[in-house]
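Next up: a single chain in structure tokens, the form predicted alone.
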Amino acid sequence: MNLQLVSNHKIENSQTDNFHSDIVEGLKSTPKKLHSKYFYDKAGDRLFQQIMAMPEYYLTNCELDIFKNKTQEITDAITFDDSPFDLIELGAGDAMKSSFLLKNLTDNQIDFTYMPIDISGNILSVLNEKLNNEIPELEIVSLEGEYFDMLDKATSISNRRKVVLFLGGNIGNMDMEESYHFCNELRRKLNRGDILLVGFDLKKNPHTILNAYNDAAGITSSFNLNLLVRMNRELEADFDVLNYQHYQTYDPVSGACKSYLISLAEQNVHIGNEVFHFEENEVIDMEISQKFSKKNIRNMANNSGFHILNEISDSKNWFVDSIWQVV
């Protein structure tokens, strides 16, 4: 058998095992909780593309504003010493925003390799095809898997300095404690002088934030419910999706924007030999989308061992791409 096929088969089995164990662990917790990283199968990828195109979902346009109109400012910040580097994007998706930076770097003949990391092999295939057509001279090394595992792999295959992108406000998919842990772990894996560019969604009018995650068309609801569909398909679960309802909250004091699924009836769900009981109106904690103040960002950088080089905001000052350097 082809060794590459064997390797891919092992990776797929490992990912399925992780999916199963994480789901079972989450449904045994109190309150029940599912990991938002598992939203992204083919249907989830497609639904998230629709979310990013929604008029209510301001985050995409805000960061797109930065990458379209302040591209050279980003380029100057990450290429200040003219040394070759690896541009590593965590959760690359379709690179809609970062492609403006990739094009600018390529046009300026900067010596770099683009290393997109994503848990979705499907979206990486889409990305590779897109970039091969749009920027054929771009050197791409795609890495499918968890962020830190693939960051270790990127470090093992190249000793060039690293510029890490973490866009889309994805740092907000963790609570504050998890965000600090994540940044500390990133710092541990990077070397002095390496750069991290992080996108932060800033606190703003609470109605603006809530509308972005509670759209009238119900796309965000479908995105959350699709994880139950995926579990039915891949884990042979028996969720009745019609028995669950999406519910969204935003706390303007803490900045925590949280989504839940509500069980509409008392019911049991099976995953293999496991049985999970739901009371009527019991919640499943699905996702957090944390919003930040400028003070939150400064504290996080300083406490994680980074120095803020620059902060680039969109025209509305709703979103900031904060550029940090390892000290």
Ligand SMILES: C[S@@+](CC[C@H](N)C(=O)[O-])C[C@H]1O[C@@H](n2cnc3c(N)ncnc32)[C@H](O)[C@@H]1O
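In case it trips you up, residue 1 is the first one in the sequence shown, and so on. Quantities reported herein were computed from a predicted structural model and do not represent experimental measurements.
The next section is about a form of this same protein that is not shown, the form predicted together with the ligand.
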| item | value |
| --- | --- |
| Triplet N296, M300 and W324 all within 4.5 Å of the ligand in the model of the complex via a heavy atom | no |
| 4.5 Å heavy atom contact, T220 to the ligand in the model of the complex | no |
| 4.5 Å heavy atom contact, L167 to the ligand in the model of the complex | yes |
| 4.5 angstroms heavy atom contact with the ligand in the model of the complex for M52 | yes |
| 4.5 Å heavy atom contact, E139 to the ligand in the model of the complex | no |
| E73, E178, D240, E146 - the one with a heavy atom within 4.5 Å of the ligand in the model of the complex | E146 |
| Residue (of V198, M115, I123, L101) lying close to the ligand in the model of the complex, criterion heavy atoms within 4.5 Å | I123 |
| Region of this chain that lies against the ligand in the model of the complex, out of 73 to 81, 91 to 99, 210 to 218, 231 to 239 [heavy atom, 4.5 Å] | 91 to 99 |
| Contacts with the ligand in the model of the complex, stretch 35 to 71 (heavy atom within 4.5 Å) | K37, Y40, F48, M52, E63 |
